[in-house]
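Encoded as structure tokens, the following chain is the form predicted alone, with no partner shown.
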Amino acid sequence: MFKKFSLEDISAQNQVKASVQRKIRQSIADEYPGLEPLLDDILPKKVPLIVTKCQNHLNLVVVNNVPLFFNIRDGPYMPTLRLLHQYPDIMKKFQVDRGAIKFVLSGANIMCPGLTSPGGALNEEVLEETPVAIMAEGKQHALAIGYTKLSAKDIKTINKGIGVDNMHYLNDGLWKMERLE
């Protein structure tokens, strides 16, 4: 998704009205209940909230020129990895085994066997079409953010094919773009 992302991919930037800002804040609070007490620090009410429209129906939520969340079409908002590293407990987590790390870091989707093998781990409560943080075996911080194609139970039982779509990973275009200047 963000493999070759750059400033040229941005087509428009709009400061949103207060009503739209409330709607975005509410949908983020609904998706990430653990983030609600921190929401005023992350998305301050007095600071203008900018929604940046990019190619492929991608939207970035930007505060003070820093991208904080993204979504595709009308899908759920997902935090950027930089925000996730600041607040590591806001998302449900999946863990891939060591063999999958280099593929995930090159943008590959996460396959079921990488999650179900001895080094992998699943959060049993996760349903399909849920944003998840992808952790690496033996590492502290998330290496990617994904969107589940199957529920955790289905990933365990089927154990083949793509389990999680890789949306944003370390060293992709969005990671390298710390600020939109």
Partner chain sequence: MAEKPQAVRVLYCGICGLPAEYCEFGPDFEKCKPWLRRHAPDLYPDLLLKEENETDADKAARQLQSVAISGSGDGDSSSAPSGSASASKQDEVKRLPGGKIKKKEKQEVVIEKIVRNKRKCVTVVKGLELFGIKLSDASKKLGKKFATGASVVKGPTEKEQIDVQGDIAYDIVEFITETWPAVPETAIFFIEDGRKVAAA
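Numbering follows the first chain given and starts at 1. For clarity, every value in this text was computed on a predicted model and none was experimentally measured.
This next part talks about the form predicted together with the partner chain, which is not shown.
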**Q.** Which of 34-42, 147-155, 125-133, 111-119 lines the interface with the partner chain in the predicted complex (heavy atom within 4.5 Å)
**A.** 34-42
Q. Each of K46, K92 and D165 near the partner chain in the predicted complex, meaning some heavy atom within 4.5 Å?
A. no
Q. Is the gap between L143 and the partner chain in the predicted complex 4.5 Å or less for some heavy atom pair?
A. yes
(Q) So, K139 and the partner chain: in the predicted complex, are they within 4.5 Å at any heavy atom pair? (A) yes
Q | Close approach of R73 to the partner chain in the predicted complex, 4.5 Å, heavy atom | A | no
Q) Quick one: does N171 come within 4.5 Å of the partner chain in the predicted complex, counting heavy atoms only? A) yes
Q. Which residues, if any, of 43-57 lie within 4.5 Å of the partner chain in the predicted complex when only heavy atoms count?
A. none
